[in-house]
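Shown here is one chain on its own, the form predicted on its own, set out as structure tokens.
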């Protein structure tokens, strides 16, 4: 079974979903570089290149976040580039350059870049184009620049490759995208049901894999499973490709995946005996996880990296995390062991009062980030201790080591810059121009952390008016007018109401709730 005969122009038939990728933000990449000993260029004044920028779903929010930085997007699908250009014009973004081009034709005329993003491209192109991508990155990176490259990996893709081949045979090339997708989904539904009846380990794996694919949108399935190229590779193979292009492995956008300690002390110790170096260790971890996707960071080969993480590397960084204490009667000053958990299930137990206070502070302030000095001062104040100027170095270092452990486990994340949003609801609240444009056409908007937020109708109705020029009275007036125009429906005793104090009271409550939701979802700006 082979995919070599496919001749479709897939991006003309089915556009690939273009969306924000928070892990590619330059301030997050800079923070990871800093953690491992680099001095990356500041995210607020940098140059960013995105290879495969599609309709700008990732590039344009970044350009709005960092108006003093310059962003270049390249894509070979003309229609997608034109859509990105229209969106950039609508948002009045003057720091974006969009190019319709084949990556093979790019050269040094693009200039140098501090951050390069190549998401959803590398595994889906030929060997020659893979080499071109890495050569372009090597020639285009500034001395302390960072490149992000995502790709499918083995062993996680072995079973998916089998399903992909089955889908090719069941829905061969030449038919329309709609019919191929329909037949592919029908085949996956068969595997899901038949696998369930087998009552074997293999049957369960097949069922779970088929079910996971069925949950994906059509655009993703089409480009992941019907592309002529989809070349998963082992991590060590990708590193060999990078080294051949004179690039160095920096780390992963998902930092927590790099640490064997997350599998326990015994597993970590055993791996030390099995694996001679970092690359071998990470390859074994991929096998242990059955990992199918990586988001790898690269830098130039002469950049010195520090793999042993020390507290001095985090003093310039910002920390954030939603980490709820599991004990409702938590005593911060006690040395009793207490457990904290993130929404993704990651947990950590600690007896350290300083770390307990830090995690509580970050949880209470979510989604705000704290710099290390701010966090140290707030921890000291909450514990009733001396000012930070009077704190012994051991206390500062101890908290730093504990925070590094939280980063390694994935409990906390890091940025290199302060928040690009506010959680304070001002007299004339404002959201980004991008969020307002998105809310006018749908319920999904991009926040200032480059994340997608799904809005309920009430919050969406409020957001579109938050341009920074309306106070609460004006906003309430706009909502009342929208009710009069029939754009907002208020029900009283099951019957639409258009006027009266009950409508005003309902809208006032809607406004208050919406502003609180927008603040807690990083959607308000100063």
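This structure is a prediction, so every number in the text was calculated from the model and none was measured. Positions refer to the first chain, counted from 1.
Although it is not shown, the form predicted together with a small molecule is what the next lines describe.
Asks: Only one of 404, 352, 254, 121 has a non-hydrogen atom within 4.5 angstroms of the small molecule in the predicted complex; which is it?
Replies: For this set of options, the contacting one is 121.
Asks: Just one of 395, 83, 91, 129 has a heavy atom within 4.5 Å of the small molecule in the predicted complex. Which one?
Replies: The residue in contact is 129.
Asks: Is there a heavy atom of residue 50 lying 4.5 Å or less from a heavy atom of the small molecule in the predicted complex?
Replies: Yes.
Asks: Against the small molecule in the predicted complex, would residue 234 count as a contact residue? Criterion: heavy atoms within 4.5 Å.
Replies: Output for residue 234 is no: heavy atoms all beyond 4.5 Å of the small molecule.
Asks: Does the 4.5 Å heavy atom contact test between residue 21 and the small molecule in the predicted complex come out positive?
Replies: Yes, residue 21 is a contact residue.
Asks: Give a yes or no for residue 259: in the predicted complex, does one of its heavy atoms lie within 4.5 Å of a heavy atom belonging to the small molecule?
Replies: So residue 259 does not count as contacting the small molecule.
Asks: Want to guess which of 100 to 108, 337 to 345, 241 to 249, 434 to 442 is within 4.5 Å of the small molecule in the predicted complex, heavy atoms only?
Replies: Contact criterion met by 100 to 108 only.
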